[in-house]
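Quick setup: one chain, the form predicted on its own, written in structure tokens, and binding and motion questions come after.
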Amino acid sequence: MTTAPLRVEEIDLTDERFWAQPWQRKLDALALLRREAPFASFAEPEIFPGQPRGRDYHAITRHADVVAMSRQADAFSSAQGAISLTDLPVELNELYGSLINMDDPRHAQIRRVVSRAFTPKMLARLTDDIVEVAQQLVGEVAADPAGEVDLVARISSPFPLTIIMRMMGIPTDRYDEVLRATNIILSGGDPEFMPETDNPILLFLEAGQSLRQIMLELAAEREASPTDDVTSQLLTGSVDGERLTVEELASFFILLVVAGNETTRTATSHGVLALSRHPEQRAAWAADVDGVTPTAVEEIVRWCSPVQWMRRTLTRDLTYDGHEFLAGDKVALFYGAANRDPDVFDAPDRFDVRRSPNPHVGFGGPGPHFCLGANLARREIGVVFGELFRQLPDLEVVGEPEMLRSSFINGIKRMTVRY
């Protein structure tokens, strides 16, 4: 697939070659689906050899539909594997069975407990860490005499992961292990992170088990000697009598370290790329950092949509906008496509750091599964760009970034910057 498709019939979102195309070609194809086939169906990906294929899935690409289906959580269920278009084997669904793969009432119960990690008071306590880590990482790059580095390796990747590890109390000597495991989980099949194997299920299990083991070890330490980190608070605290089991804490940690890391990492890289390609927007933000940061952060998240889709499964037969859905049908809510919907966004392909209003769904649609860590991600993105403006005012991207080949994460693997 070398050119942008001109007809809906030429689009195959299941074909991994589609996701290896340049970003703009993918956006063009999704725009075509949004205009002409908003409920188009595609074959379930064959991720796990030998696993029988399930039903096709429908690609939901219009903003209004993504919002409506997100709100109707009773009809559009997350419990059968929100992060996989393939029905996951039982052992994987259990390992990754945190909030993202639950429905109410259990989802609401767990969310109430873990939301204690994201209260305004907790975020205020984390701010010092966020500023310190951002200053350190950007400062190390600014002091590098090479004048040219891989932004992803030096800033985008270590920044949010370091914050999460500090937040949870994970020892720094486990950093490489955590990074390696999260890269496998979010690889989307990219061969750089997924070694050639006849058993990809085993690789995913090993990565998840590695993260689980780190948290189980830490939980045992914190139960014996609590500290002021989030792990201790979630182990010892309760809300309305509800508290997390150790296994639930481990699943939450996997979700946090994977999703929380990837959103900020991807947004930081794409934000630097967008500013480099739109110097007038960079100038506008740099001229009024405090005033523009709130809208600029939202625009970066809209623009890149770090998580490109989430799956929902129909719990019952349903007629929606003239389309007959059956119980068990799968839909993929394509946030990136919804965030370029011209019915909602004026000039949606324009990057505008002052865009307002900006009702994007980059943190998920409204409803019970809206991203719990959205405010943490917003603060991280705002802080790191403030440091980039302060310490690297002439930062620019050199050449083309190397994109992650994934339908799920709109990631950048490597991006050279010069300063």
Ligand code: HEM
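Bear in mind that the values here come from a model prediction, so they are computed numbers and not experimental data. Counting begins at 1, following the sequence as shown.
This next part talks about the form predicted in complex with ligand HEM, which is not shown.
- Judged against ligand HEM in the predicted complex with a 4.5 angstroms heavy atom cut-off, the residues 82, 99 and 107 are in contact without exception.
- The partner is absent here; in the predicted complex, the one residue of 59, 376, 29, 383 having a heavy atom within 4.5 Å of ligand HEM is 376.
- Proximity to ligand HEM in the predicted complex, defined as a heavy atom within 4.5 Å, holds among 331, 214, 259, 207 only for 259.
- Partner contacts here mean any heavy atom within 4.5 Å of ligand HEM in the predicted complex, and among 176-184, 316-324, 298-306, 274-282 they occur only in 298-306.
- The closest non-hydrogen atom of residue 76 lies beyond 4.5 Å of ligand HEM in the predicted complex.
- For residue 254, no non-hydrogen atom is located within 4.5 Å of ligand HEM in the predicted complex, even though that partner is not displayed.
- Proximity of residue 263 to ligand HEM in the predicted complex: non-hydrogen atoms within 4.5 Å are present.
- Looking at residue 113, you'd find every heavy atom of it more than 4.5 angstroms from ligand HEM in the predicted complex.
- Residues from 349-382 that approach ligand HEM in the predicted complex with a non-hydrogen atom closer than or equal to 4.5 Å are 362, 363, 364, 368, 369, 370, 371, 372, 373, 376, 377, 380, 381, in the order they occur in the chain.
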